[in-house]
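One chain is shown next in structure tokens, namely the form predicted alone.
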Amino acid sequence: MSTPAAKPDPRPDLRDLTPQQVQDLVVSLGEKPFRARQVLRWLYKGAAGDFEAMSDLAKGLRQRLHEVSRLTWLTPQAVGESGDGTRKLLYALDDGARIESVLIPEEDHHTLCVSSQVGCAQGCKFCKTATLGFRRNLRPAEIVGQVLTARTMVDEARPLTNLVFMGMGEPLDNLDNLLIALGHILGEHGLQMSQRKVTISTVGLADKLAALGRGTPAALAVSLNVPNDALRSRIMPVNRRFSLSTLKASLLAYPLKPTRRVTLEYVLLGGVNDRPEHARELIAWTRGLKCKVNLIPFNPHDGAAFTAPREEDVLAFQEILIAGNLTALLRRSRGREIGAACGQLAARAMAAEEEEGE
């Protein structure tokens, strides 16, 4: 049988707090503000898993911090590794919820696919996470925790330099916590990762794009997948709330830096959205928009209603986009044999737990 979830800890997690909130807490303990800077260094650059690791703080302060606050450290419950070196990390959170992140090796660095929610409420028909339903938002500490843990699993020859928020969940549905986490990831007090190498992917919540653009300099990607309203509304329910014209208007107004472009993610579903006419519709829809297109052949999962596209159809689609003056990059799926599509490992763990409980 599954282990009952522990009672919630009322103490705030320090990595859930902004730098100002950490300083306010430290000052409330009778300490000088500069002690907060020491604490922040341990939280991020030092990746402290507990208060005892903060060795340049007085023992009494460490004890008082422990009494009024806590630290989350994520340890993978399971790690699946594929032949290409991709590692899928499954985490069991304090309340028993499960999330995944995927650590992808590149030639000279690693990329981490980060989750922002437990499950997802968007219901995209091709997504495995959508079958899990939505449970809750991740706290900032649980978002940043995925990054901190992954950094311990790589070496200096191929460091973790790139993040893509394309894991479980819709990041803009958890915008407040996302922005706090991004502050820790990009900020001077935090991990100081390059804003060009951190990408936020959304299904297209047009009403939240402006707030995202004001709140972070991270790169933006939109999971577009279909260039006409009728088909997109069937595959992606979000399109019933925000049509393609509404989405494009929000993207045209997005505060992009002069050298930046929006990335449009296009998952190619065999025989569904991979026809030449879809490529031509996509070219027409992108006119006037500073963008590039990432083509992603669908990676089938258990119970999927779609199939992978044929190789010749993928290449033909790309050729049409390039001929239409669109930058179109082909992104191959990684880690197929370990179920690297978002949600697969968590779904298996949940199914196994349900069987144990029967």
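All figures in this text were calculated on a predicted structure; none of them were measured in a lab. The numbering used is simple: start at 1 and walk along the sequence shown.
We do not show the form predicted together with ligand SAH, though everything after this point is about it.
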Task: All of 227, 273 and 313 within 4.5 Å of ligand SAH in the model of the complex, heavy atom check - done: no
Task: Position in contact with ligand SAH when the complex is considered in the model of the complex, options 220, 203, 148, 93, heavy atoms within 4.5 Å - done: 203
- [ ] Specify the contacting stretch among 64-72, 292-300, 37-45, 23-31, defined as having any heavy atom within 4.5 Å of ligand SAH in the model of the complex.
- [x] 292-300
Task: Contact of residue 170 with ligand SAH in the model of the complex (heavy atom, 4.5 Å) - done: yes
Open item on the list: Can you tell me whether residue 191 touches ligand SAH? I mean in the model of the complex, with a 4.5 angstroms heavy atom cut-off.
Closed with: no
Task: Proximity of residue 185 to ligand SAH in the model of the complex, heavy atoms at 4.5 Å - done: no
TODO: Although ligand SAH is absent from this view, report whether residue 126 comes within 4.5 Å of it in the model of the complex, heavy atoms only.
DONE: yes
